[in-house]
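Consider the single chain below, provided in structure tokens and representing the form predicted alone.
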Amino acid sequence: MIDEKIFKNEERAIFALRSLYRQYGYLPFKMSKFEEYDLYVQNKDFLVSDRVITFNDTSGRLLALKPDVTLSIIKNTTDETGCKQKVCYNENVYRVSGSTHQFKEIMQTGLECIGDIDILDIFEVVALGAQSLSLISDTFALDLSHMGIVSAILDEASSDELFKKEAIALIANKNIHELRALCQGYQISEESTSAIITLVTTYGETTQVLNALCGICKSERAREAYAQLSALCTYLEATSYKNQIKLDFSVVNDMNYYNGIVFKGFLNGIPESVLSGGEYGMLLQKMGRKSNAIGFAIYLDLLEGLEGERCDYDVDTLILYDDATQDIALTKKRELIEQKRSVSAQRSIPSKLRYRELLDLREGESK
């Protein structure tokens, strides 16, 4: 059982999350470090960055150091009517860092549910996203939106793909002023402009936001998406995380790949989302699949930003011993470990080791 709400390192988070996902039937998925480059180049818009580390193997094939896990999971699953495949993973991916603009190895954990999914599967994945955040920190938020509603309202406004692409970027940034100017430039009707602005300005508790959205979801496609979102929110209201879950339509993803619920998770003390997920049925269709899918990833490298992640000590106790006291040191080390304390036994003090307590058996006293 994990007692602490904030983990002191990524490994403890991985252990707790893996145990959680296995409880819900998600089986471990392990991928190779390398994939054929074609897998990524054919779906480069889906990737966080289109910059991929490539090399030729001994047979001359162009391979890539994996920048993504989801594409590999899709590649290694099949469609089966009435069934879904549920996998979880803990993998390192290789992407360009947004801060340093250099390639970085990023530790990622997450899950995917692929197949004949329904509202219960969508609820399960979103709820597991919230529960995952709660295992890492008491103070978290999970923001939801629905790409079906966003795309339906933008389609009603204009058939111009460039307009929709520019509008999505402005919605993501909640840039109301530029959004109005964009609509004016494309001669979007006042009714559609108002609906788009409503998406940006409406945020918060699920019932309140659903009430505000009801009036702008007029097309059949928008109403179907609204009904799905409403049903999901009803299920989420029955969980212990309901107060941490909000609706926020600035949470958007590429409409060429995401077709339903999308969500992001945040932890207090970290300025960017540590969890990202959603339904990506459009991606499966582009890859020749009939299934739908939903999943999320947690970026464990960002957990270093948590205050609780830092520790003043590397070990609780440093034991110093010599030839005459090595058996005593072994016994004392076992006793302390049984007391759930971390211990390092050394013949002298390492220059960079931080310890809470020094037990110098050579002198027969504790300092």
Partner chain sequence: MINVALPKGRLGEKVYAMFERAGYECPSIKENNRKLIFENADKGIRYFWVKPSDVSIYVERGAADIGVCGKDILLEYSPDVYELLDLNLGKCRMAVAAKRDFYDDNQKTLKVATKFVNIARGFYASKCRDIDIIKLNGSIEIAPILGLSDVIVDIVETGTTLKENNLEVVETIVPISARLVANKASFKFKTEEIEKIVESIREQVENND
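Positions refer to the first chain, counted from 1. Just so we're clear, the structure is a prediction, and the values are computed from it rather than from any experiment.
Just so it is clear, the following notes concern the form predicted in complex with its partner chain, a form of the same protein that is not shown.
Chemist: Just to confirm the contact call: exactly one of 165-173, 224-232, 81-89, 186-194 touches its partner chain in the predicted bound form at a 4.5 Å heavy atom cutoff, so which is it?
Modeler: After filtering at 4.5 Å, what remains is 165-173.
Chemist: Using a 4.5 Å heavy atom cut-off, are Glu178, Asp248 and Glu272 all in contact with its partner chain in the predicted bound form?
Modeler: The answer is yes; Glu178, Asp248 and Glu272 each reach its partner chain.
Chemist: Using a 4.5 Å heavy atom cut-off, state whether Tyr241 contacts its partner chain in the predicted bound form.
Modeler: Heavy-atom contact with its partner chain at 4.5 Å: absent for Tyr241.
Chemist: Considering non-hydrogen atoms and a 4.5 Å limit, does its partner chain approach Glu156 in the predicted bound form?
Modeler: No.
Chemist: Mark Tyr94 yes when one of its heavy atoms lies within 4.5 Å of a heavy atom of its partner chain in the predicted bound form, and no otherwise.
Modeler: Taking the distances in the predicted bound form, the answer for Tyr94 is no, it never comes within 4.5 Å of its partner chain.
Chemist: Mark Thr139 yes when one of its heavy atoms lies within 4.5 Å of a heavy atom of its partner chain in the predicted bound form, and no otherwise.
Modeler: Within the cut-off, so yes.
Chemist: Under a 4.5 angstroms heavy atom criterion, identify the one residue in Cys217, Ile74, Leu182, Leu267 near its partner chain in the predicted bound form.
Modeler: Contact residue from the list: Leu267.
Chemist: At a 4.5 angstroms cut-off on non-hydrogen atoms, which residues of 108-137 are near its partner chain in the predicted bound form? List them in order.
Modeler: The stretch does not touch the partner at all.
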